[in-house]
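A single chain, nothing else alongside it, follows as structure tokens in the form predicted on its own.
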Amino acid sequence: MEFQFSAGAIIYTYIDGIRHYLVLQREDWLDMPKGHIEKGEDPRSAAVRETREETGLDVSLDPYFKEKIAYWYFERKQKVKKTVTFYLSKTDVVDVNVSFEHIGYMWITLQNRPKLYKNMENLLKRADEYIDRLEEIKIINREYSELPGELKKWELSRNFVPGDGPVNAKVMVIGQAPGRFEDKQRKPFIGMAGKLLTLLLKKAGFERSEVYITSVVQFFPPDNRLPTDEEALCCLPFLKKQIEIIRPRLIVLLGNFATLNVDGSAAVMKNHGKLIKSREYGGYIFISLHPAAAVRMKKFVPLMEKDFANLKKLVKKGKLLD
């Protein structure tokens, strides 16, 4: 058997306010922009190149959406297994210049679509659900970011630091609040604590890009102080809406503040390294120390490493993310 690897893009736009997807017409079937990954290319760059060559569109891919499909066919009497990695991109251009390989193109909707191969139909459904969540998160984040202008008493930074990661992530990590580096770059966990978190996630078997990372309070508390109860109360409803949209199967809580506000418990030293069934959110909660504590006090690093190594075993044993 021969193995081939390709990459492509799911392109969508809005026509009269309705979401449409681009499909390319060949002689016998409908397809999406895709093609072989050439030597020296990674799948993302191949998807961008193939989209440009087949449609004339210069696309910017969503940083987190990635889906794979695989199928078999015969070529010169040899069985070939092809794996295609698809990315996602929105465009405002509806006039497409197709390559010589195609005879035309169509903008279709999920509700009004021609016959597609089953794996392509399923791929479009997953993309559509992802976009729904992405747009819901954007609405919640816009409302959340406007809090400083709506509350008379506001002592936090006015820079909103949204969560980062795929909006369909199976794992969600929640910390306390952004730090000074996060406040400047408006991205969670990018300082020393963020680097440690990335290493800990690898120990648990996760790439950072697979995980949605955020905080209970998504504004920097001046002087890096602990957020007040009042600040947590006004921010917590937005976090809960984010959890409802993402629907993670596993929530990892880092430190006392996150554990108290999300799970109602402050007993981190008693419960760290344990997997707890969540009544409120569904799925499971896993508790550990905050990486910032381990950055300040190195004695906590081995404890956290043990926690996350244990998490890998618990996830595998319970098949939590299958």
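A quick note: this is a predicted structure, and the numbers were derived from the prediction, not measured. Numbers for residues come from their place in the sequence shown, where the first is 1.
Here the subject shifts to the form predicted together with a small molecule, a form of this protein not shown in this document.
Residues within 4.5 angstroms of the small molecule in the predicted complex, judged by any non-hydrogen atom, belong to 70 to 78 and to none of the other stretches in 70 to 78, 177 to 185, 127 to 135, 226 to 234.
The contact with the small molecule in the predicted complex, taken as any heavy atom within 4.5 Å, belongs to 119 out of 109, 141, 159, 119. In terms of contact with the small molecule in the predicted complex, the residue from 274, 36, 52, 44 that brings a heavy atom within 4.5 Å is 36. Proximity of residue 281 to the small molecule in the predicted complex: non-hydrogen atoms within 4.5 Å are absent; the residue sits far from the partner. Remark: residue 208 does not count among the residues lining the small molecule in the predicted complex, judged by a heavy atom distance of 4.5 Å or less.
Contact annotation for residue 195: none of its heavy atoms lies within 4.5 Å of the small molecule in the predicted complex. When contacts are judged by a 4.5 Å heavy atom cut-off, residue 82 counts as touching the small molecule in the predicted complex.
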